[in-house]
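There is one chain below, alone, in structure tokens, taken in the form predicted alone.
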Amino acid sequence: MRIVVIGLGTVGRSFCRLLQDRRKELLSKYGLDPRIVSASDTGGIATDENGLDVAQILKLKESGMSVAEIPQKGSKGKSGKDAIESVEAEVVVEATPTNMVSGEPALTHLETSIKTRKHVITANKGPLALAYPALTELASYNNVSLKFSAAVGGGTPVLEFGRRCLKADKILGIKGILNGTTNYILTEMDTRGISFEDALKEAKDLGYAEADPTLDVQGFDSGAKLVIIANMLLDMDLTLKDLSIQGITSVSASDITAAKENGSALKLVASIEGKASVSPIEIKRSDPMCVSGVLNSVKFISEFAGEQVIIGKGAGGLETASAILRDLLDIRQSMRI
């Protein structure tokens, strides 16, 4: 299987490393022989129809260089879109940074992949939050797969659990702690009594929060994930603008104390119960959904099975890469049918 990888940040590099480390197992167990025939970063692209040397890619990126520097195979100044349009491949893995305003450049990458009839896997929430209905319709029209397990829950199979394990049931509602950064901040405010500002600084120092944490603390990251869940599992046809979103920047020490007195913890919860919303609410500490630190949790409320909670890490390079690989194996299976 020929693969184009767009974006070689933490997730893209982790995916390359995972393919390298599990190559023999993928071939023997699943009949999958993946070749990265093109890869792109901000400096340009590299292409080899016989497959690029993954070890060489990783070494270059670790030294701060672009894949465009690979002799005879690199092209400076070319973009991911150029690679998608010019290279013969079955699958595109899109792993560029999230843009929640326009969805670019990932939105263009997804559209171009689909229009050139390539299956596409993305870990990017932006395009899905802004244009999910249009993208899924385009993929259906062109008879290709659009996979995005990694966009919600990282390596934790949130979407797969809802899609597969509850497909014979009816999902009535969903509640989730979908952002590890905000959960860490609220946990530290609760357990140690520190301020929002101090907890945020610690989250940045530990690498849990970005230098600009706006998408996290204002609730937009959780909102984007909720849109994906709602559209995929509940057929709600939502975009980010349809949600009511409130972040955690206004949470005070008195709010934390009041929750404690009620035997609860304050958490940023994304929920679908009639309407879709994101806001800080109290959750009883005895509730399995009430996780601490950077963990995520999602509670599915279904007609027959009742309440079920799935818990796990919501981010991380290898965790997210494992979800991309899971999608790749699904595509491989569908191609064999």
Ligand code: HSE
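One-based numbering along the sequence shown. Note that the structure is predicted; figures quoted are calculated from it, not measured. Think of the rigid core as the biggest set of C-alphas that the two forms share within 1.5 Å after superposition.
There is another form of this protein, the form predicted together with this ligand, and it is not shown here; the text below is about that form.
Exactly one of the stretches 137-145, 69-77, 105-113, 217-225 approaches this ligand in the predicted bound form with heavy atoms within 4.5 Å, and it is 217-225. Among 169, 210, 85, 237, the residue placing a heavy atom within 4.5 Å of this ligand in the predicted bound form is 210. For the options 125, 175, 267, 119, the residue carrying a heavy atom within 4.5 angstroms of this ligand in the predicted bound form is 125. Proximity of residue 180 to this ligand in the predicted bound form: non-hydrogen atoms within 4.5 Å are present.
Interface residue remark: residue 12 is not counted as part of the site for this ligand in the predicted bound form, having no heavy atom within 4.5 Å. Using a 4.5 angstroms limit between non-hydrogen atoms, residue 18 is distant from this ligand in the predicted bound form. In the predicted bound form, this ligand sits beyond 4.5 Å of every heavy atom of residue 318.
Core-superposed comparison between the shown form and the other one: the Cα of residue 185 travels 2 Å or more. A movement of the C-alpha atom of residue 200 reaching 2 angstroms or beyond is seen between the shown form and the other one when the two forms are aligned on their rigid core.
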